[in-house]
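Take a look at this one chain, the form predicted alone, written out in structure tokens.
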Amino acid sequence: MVAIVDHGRPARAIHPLHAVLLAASLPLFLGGLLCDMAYSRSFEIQWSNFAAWLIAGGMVFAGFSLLWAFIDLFRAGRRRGRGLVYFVLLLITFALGLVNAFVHARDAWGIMPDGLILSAAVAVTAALATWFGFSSLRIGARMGETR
């Protein structure tokens, strides 16, 4: 026996432009983490420069995604549960990314190990925010079923 709960209208999918902004931040933050890992192994200063630029690019896209999520939070009305969690994850990603950008603004020799740890934290929170932003589960709908 399957219980189907219908709360009125189904959950909206993410807007395509919002999806592009959200999806663009994850590979940039992951690239920053990979560059920090390469810098920690080789101590080639250019890797820290690459990481700083990738983090700055990720911050731009995460900032626009955060702004979009903030606006969607007010448009959601009473059904804010998933939107609020998504917004908080993006806010944490943006805050950690900002601290990470400040750390990467220091001298290349001074960013380790803080830069690597912060890059890992930002990449994890960006992955969680991206996963949460793209998961639009509809209550009562099965995989492949449309309403």
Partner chain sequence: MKRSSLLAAAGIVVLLAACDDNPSPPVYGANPPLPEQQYGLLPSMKIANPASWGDHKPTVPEGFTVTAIATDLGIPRQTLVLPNGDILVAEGRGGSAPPLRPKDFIAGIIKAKGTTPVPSGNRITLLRDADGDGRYEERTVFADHLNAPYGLAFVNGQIYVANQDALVRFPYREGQTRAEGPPEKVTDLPSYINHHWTKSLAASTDGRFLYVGIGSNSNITERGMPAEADRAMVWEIDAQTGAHRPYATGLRNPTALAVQPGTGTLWAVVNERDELGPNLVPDYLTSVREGGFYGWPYSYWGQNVDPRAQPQKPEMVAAAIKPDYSLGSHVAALGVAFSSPVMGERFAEGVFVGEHGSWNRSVPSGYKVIFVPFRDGAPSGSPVEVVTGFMGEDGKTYGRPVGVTVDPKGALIVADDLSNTVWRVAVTDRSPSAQAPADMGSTTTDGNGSSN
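Positions refer to the first chain, counted from 1. As the structure is a prediction and not an experimental result, all values here were calculated from the model.
The same protein also exists as the form predicted together with its partner chain; that form is not shown, yet it is the one meant from here on.
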Only hit among 85, 91, 37, 117 for heavy atom within 4.5 Å of its partner chain in the predicted complex is 91
is_contact(residue 26, its partner chain) in the predicted complex, heavy atom dist at most 4.5 Å
no
Using a 4.5 angstroms cut-off on non-hydrogen atoms, would residue 60 count as touching its partner chain in the predicted complex?
no
is_contact(residue 66, its partner chain) in the predicted complex, heavy atom dist at most 4.5 Å
yes
Would residue 103 show up as a contact with its partner chain in the predicted complex if we use heavy atoms at 4.5 Å?
yes
Residues of 108-123 having any heavy atom within 4.5 Å of its partner chain in the predicted complex, listed in sequence order
108, 109, 110
